[in-house]
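Two forms of the same protein chain are encoded below as C-alpha cells; each is given separately, as structure 1 and structure 2.
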Structure 1
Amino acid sequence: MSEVRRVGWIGTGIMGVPMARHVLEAGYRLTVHSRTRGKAKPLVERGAAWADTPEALAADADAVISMVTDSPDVEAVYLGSAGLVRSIRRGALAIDMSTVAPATARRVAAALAERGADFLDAPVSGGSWGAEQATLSIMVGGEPDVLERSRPILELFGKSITHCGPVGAGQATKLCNQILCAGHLVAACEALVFARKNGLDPRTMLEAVAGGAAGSWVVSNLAPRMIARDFAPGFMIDLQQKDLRLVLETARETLACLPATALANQLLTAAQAAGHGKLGTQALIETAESLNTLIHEG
C-alpha cells in the first residue's frame, strides 16, 4: 500500500477547518471540498487546493477524510451522483469523522470495498476546542490494520485513539459518548440551579465538587461557561440534538430504553424553541433557570 501524501478533506465547518489545518501544517498536500466554497477560504489561503465535487477530490487522493453534519450528508459525499466512491482509487483510505448512524457507516464501507478502498468510521469528541488544540478523542470502527495505516493522520487530531470494533462500532461508541454528555449537561444545569436556590456561590460549589466523584468534562469546562454566560459554541445545541436523534432512533431499532436521554432531548428542544439552537450546549442553563423562575443576576 502506498504512503499517504495527498489528502482530500470534505467539510469545512466549525470542526473541519481546524482539523484540516493540522493536516496542512503536517506537510501533506491537501485538497478540500465543501458545500459552501467560502467556508474553505481559510484553508485555500494557507495552500490547500479546491475541488468542485467529492468525485474530483478523491480521484488522486491517497486518503480522504470527511467531517460533515449528518447521515444524509455522508451518503451524498460518498454515494451521491458526484460522490467519491465513483473515483476513489484502489488501496486508498477513506475516513469519516462525522457523527452519523452506524448503519450509514456500514453502507458506505460496503460501497468502498467494491472499489478496493479501505474505510474507517472515526467520530470524535472534544468540540471545537479539542479540534483547535488537537486533543480530540477518536472512536474508530474498522479493521485493525486499516487503523494502523491511518494512525499517523489520526494522531494529528488527538492522541486518544480507541479501536472500538468493526465498521459502525466507532459511531455506536460516539452515540454512547453523546448519551453521557447529555446526561452530564442536564446534571450540571440542575446542580447550578440548586446551588442558587440554596444560597451557594456557584463557583465555590464547582470548586468543591470538581475534584471528587461528581467531576466530569462538563463540570470542568461547560459549567464555568454557564456561570460566565459564555454561550459561544464549542458544540451547538442543534448538533447535540442531531446526535440525540441518532441515539434515540438507534435505541428504538435495538429496543434500548433510555429515559434520561429522552428527557435531555426534550429539555434541549425547549432551548431550541427559545432560539438557542446555534449557541453552545451550555446555554441549556437558561432553560433550566426558566423552569425555576430564576433570573440571571450577572
Structure 2
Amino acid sequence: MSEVRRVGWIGTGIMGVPMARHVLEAGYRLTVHSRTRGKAKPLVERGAAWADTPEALAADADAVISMVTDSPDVEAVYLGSAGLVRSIRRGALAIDMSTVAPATARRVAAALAERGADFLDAPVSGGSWGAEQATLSIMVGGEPDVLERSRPILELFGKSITHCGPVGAGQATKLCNQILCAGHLVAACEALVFARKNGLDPRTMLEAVAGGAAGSWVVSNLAPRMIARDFAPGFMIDLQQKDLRLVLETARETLACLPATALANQLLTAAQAAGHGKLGTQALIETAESLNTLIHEG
C-alpha cells in the first residue's frame, strides 16, 4: 500500500508507447517489456529500463500496467510460464488496459489475489490520438479502494475515469461501447448507400441530418471520411472485429441475443475478406457499396 514509484509496462504498440511515455514524463521509474523488443526502443531511449520477461519486470515494481491486444496475450503476460503472477509483490497494483473478455479479467484478478496483489481492468476508448493527448476515456472494473490508489497513474492517460463495477465491469462496459460503435458504423454506411442510390449529394445529406436525432459521433467523424475515401485507421477493422468477437463470445456465455451486432460482425468480415482489415472502420463503406455494385461509380 506504499506510494507507487516503480512502474512496469507491458505492451508497446500504437497505444502502449504514447501512454508509457506519459508515465516516464511524470517522473516514475519505468521498466518496459514487450513481445518485440525493438518496439520498446522509443521508451528505452527516454530512460526506461528493459526487462526480458513479465516475471522479471514485476519483481521490483510497485505497479504493473499491461496494454496488449487480446485475451490470450493478457493470459500469457499474467499467467504464462514467465508471467507476472510468478513474481508480483504483495500489495502491488496490476492494471490491464487492453480490451479483452470480462472472464479473462476475472481469471487474472483471482490469480493475482492469491499472491496478495490487486487488479483493475481499465480498458480505454479514444484511440491513438487520445493516447497521445492524454484524453482517453477509461472504464474501470475493480474495488473502489484499488481504483483510488491507481487514480494518480490513470489520470496520466485521461480525465474521464468511470468506476463501472467489480473486476470485469470495465471490460463489459468497453464491449457495450463497441456494440454501439459497430451499430452506428453500419447505419452510417446504409444511409450513405441509400443517399447515392437516390441521387443525393452525400455531404449535403449529412449536413441536413447530423445535428438532430440522427446524429452520432460516427456520423460526424467517420461518415465524412467515408465520402472522402480517407481510410487511414483511427481504429482498424481487424481490431473492431477482435472486439466484436469478444462481444459475441461473452454474449454467448451470458445468453444475450444481439442480432444487429452479429450482422455488423458479418459485414465487417466481408470487409476483411476484401483485404481491408488494416484500414479504419470507415472503410466498411466499400463493402456496403460493393453489395450495391456502387464500388466503381464513385
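Only the largest set of C-alpha atoms that superpose within 1.5 Å between the two forms is called the rigid core. Here, a residue number simply tells you its place in the sequence of structure 1, counted from 1. On a predicted model such as this, the values are computed, not experimentally measured, just so you know.
One chain, two forms displayed separately, with the form predicted on its own being the first of them, structure 1. The rigid parts compared between structure 1 and structure 2 meet at a hinge, and of L206, V68, K174, G158 the residue found there is K174.
Treated as two rigid bodies, the chain between structure 1 and structure 2 differs by a rotation of the smaller body against the larger of 9 degrees. The shift recorded for the CA atom of L200 between structure 1 and structure 2 is 4.1 Å, with superposition on the rigid core. Once the core of the two forms is superposed, the Cα of P224 has moved 3.1 Å between structure 1 and structure 2.
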